[in-house]
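Only one chain is shown below, in structure tokens, and it's the form predicted on its own.
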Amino acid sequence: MGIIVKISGPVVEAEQMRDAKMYDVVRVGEEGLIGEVIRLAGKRVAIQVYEDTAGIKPGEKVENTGAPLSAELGPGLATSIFDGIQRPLPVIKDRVGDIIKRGVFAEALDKKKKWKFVPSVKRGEKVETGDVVGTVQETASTLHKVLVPSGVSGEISEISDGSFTVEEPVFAVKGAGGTKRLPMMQRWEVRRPRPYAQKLQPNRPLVTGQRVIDAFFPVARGGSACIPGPFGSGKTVTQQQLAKWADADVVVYVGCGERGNEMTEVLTTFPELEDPRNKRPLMDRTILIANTSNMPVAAREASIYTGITIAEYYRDMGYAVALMADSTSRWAEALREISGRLEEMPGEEGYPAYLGRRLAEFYERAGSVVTLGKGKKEGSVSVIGAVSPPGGDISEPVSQNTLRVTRAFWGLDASLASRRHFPSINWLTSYSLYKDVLADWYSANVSADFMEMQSKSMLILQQEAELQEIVQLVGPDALPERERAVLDAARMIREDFLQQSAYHEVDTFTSMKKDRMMLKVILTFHDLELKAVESGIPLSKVLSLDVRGRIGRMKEIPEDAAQADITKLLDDTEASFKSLAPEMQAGATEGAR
């Protein structure tokens, strides 16, 4: 047992802690506040406390649990709402009310609830780490697979069938070290990545239903992406859209240091959202971790580790998991505050020198892997982190260190947000390094010409950016007809394709097939538009065609009618320009003279 000798905000120093190890969880003070050892100096240790330290004084005791901060993993995780150190917030609310009191402890998983365990192995069968020994129907959307924990292998000597709590033994493995009777629940240190057999090259996209991402700046399943943007640019709404529509089996949403009203919106709206896959509540396959900006700063630092450990656990079952971290800037600010309290040498803008390493360690836990065990399951964790650079300046350390390790960059633009263009992802500054590795998937599952259409669309948008400088000087009417046609095509791509409403029943999600058809219509119109202009037909006459307005409304065509309706729109577009054929021919003849 140690004695407190110094208190500096969330950092407490204690002496007489001879047997303490790095990252041991301790109980601080008379109230037993939860803390973690973060520095050793002989018998003196520094502890980051996950709760408010006001009122604690030197001389109070510190008890070492002897175990690192670990997550409880087992049936009951889905639908849960935790704080940064995996305390269930609804349980705490029922116990102490809306205001969380210090020293309150609640177990992450309900130890009294019984789950129906269905075995998938038999007595005498050989098993190893990562093998599935049984299943639990955790929710209507999630089948929980009970895994052989790390370091265990041998022969099944006992296997149960029935309803059990997460702590009751349901199977036993006889190995070299004797027989181990094991429950459905296991614990894992949150700062240590869970092992896997092999890491795979990403080869398919994480389909999000957001056109600007899927068509222009895709992220691979098992990949990593960052969303930097200033206040009000739509980071949280974008991540909520991804959580709802991403092609993932399980979603882990980490609200790391965000404003209380934003997290309140998440906590109240997510339970009411409908899963588009099966019309069940989206929470059936979602885990929320809420750590708002007014909660203790140390718990904010731990929250993303808790979230990604849970994500890796479901990955090991063979599921595709999407983790949203909102935002890593607040997490980095927690690192900076704790580092300052420890009187460490500051790096750029006061952040600790190890900021880049910590960010890399977090994002490197993303990936598509072959899991441990005989089944050779494939699972993935896709990490999408929001970054909140002060004033939108992405030259600051958190943004720059994040860009070094993530392969997709979705730069949000405040000027687009002010024009009500959402998602406000700037197509000139954003990029994705996954395009080349996903080209074969697009060719096989969307169309052979999809990547070509994407490149052509980006070229038009870049041409528009170059022309805008001239437009600002002389106005659009002074441009030749051909350049004005380019501006019109760019406007169609921006407003009729990239702009998307998260609150429109149809427009909120678009499949890859519909993405391709929409681009096909826009680019076909543009090609015919250029031919008409070159034939001497005024651009105003082209823009007055009826199909021009219909193109602007095709985003509202329901998915089940998209194939027929957009194909007809494409045919009508070609027919409309054919009606101009005599004039086009006459214009060409006049030009020849």
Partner chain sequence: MSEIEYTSVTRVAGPLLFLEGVNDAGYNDLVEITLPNGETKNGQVLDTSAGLAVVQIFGTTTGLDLPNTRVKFKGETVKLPVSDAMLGRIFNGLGVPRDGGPRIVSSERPDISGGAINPYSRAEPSEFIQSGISSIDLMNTLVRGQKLPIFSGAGLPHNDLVAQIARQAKVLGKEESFAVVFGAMGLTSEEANFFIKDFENTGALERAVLFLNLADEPSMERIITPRMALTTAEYLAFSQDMHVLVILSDMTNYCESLREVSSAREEVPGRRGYPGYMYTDLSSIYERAGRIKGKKGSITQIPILSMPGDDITHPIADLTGYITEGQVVMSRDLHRRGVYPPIDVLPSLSRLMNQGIGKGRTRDDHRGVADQLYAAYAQGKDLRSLSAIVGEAALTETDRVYLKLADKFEKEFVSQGKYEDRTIEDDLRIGWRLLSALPQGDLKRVKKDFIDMYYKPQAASPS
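Not measured: the values here are computed from a predicted model. In this text, the rigid core denotes the largest set of C-alpha atoms whose superposition between the two forms falls within 1.5 Å. Positions refer to the first chain, counted from 1.
Separately, the form predicted in complex with the partner chain exists; it is not shown, and the next lines address it.
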* Just one of 127, 320, 412, 295 has a heavy atom within 4.5 angstroms of the partner chain in the model of the complex, so which one? -> 295
* Asked: Looking at 260, 169, 151, 177, which has any heavy atom no more than 4.5 Å from the partner chain in the model of the complex?
  -> 260
* Asked: Pick from 208 to 216, 355 to 363, 492 to 500, 109 to 117: which stretch has a heavy atom within 4.5 Å of the partner chain in the model of the complex?
  -> 492 to 500
* To do: Verify the contact flag for residue 473: yes if a non-hydrogen atom of it lies within 4.5 Å of a non-hydrogen atom of the partner chain in the model of the complex, no if not.
  => yes
* Does any heavy atom of residue 455 come within 4.5 Å of a heavy atom of the partner chain in the model of the complex? -> no
* Would residue 93 count as a contact of the partner chain in the model of the complex, using a 4.5 angstroms cut-off between non-hydrogen atoms? -> yes
* Hey, in the model of the complex, is residue 133 touching the partner chain, heavy atoms inside 4.5 Å? -> no
* Asked: Non-hydrogen atoms within 4.5 angstroms of the partner chain in the model of the complex: do 100, 264 and 419 all have one?
  -> yes
* Asked: Going by heavy atoms, what in 44 to 58 lies within 4.5 angstroms of the partner chain in the model of the complex?
  -> 53, 54, 55, 56, 57, 58
* **Core fit, then residue 259 C-alpha moves 2 Å or more between this form and the one not shown** => yes
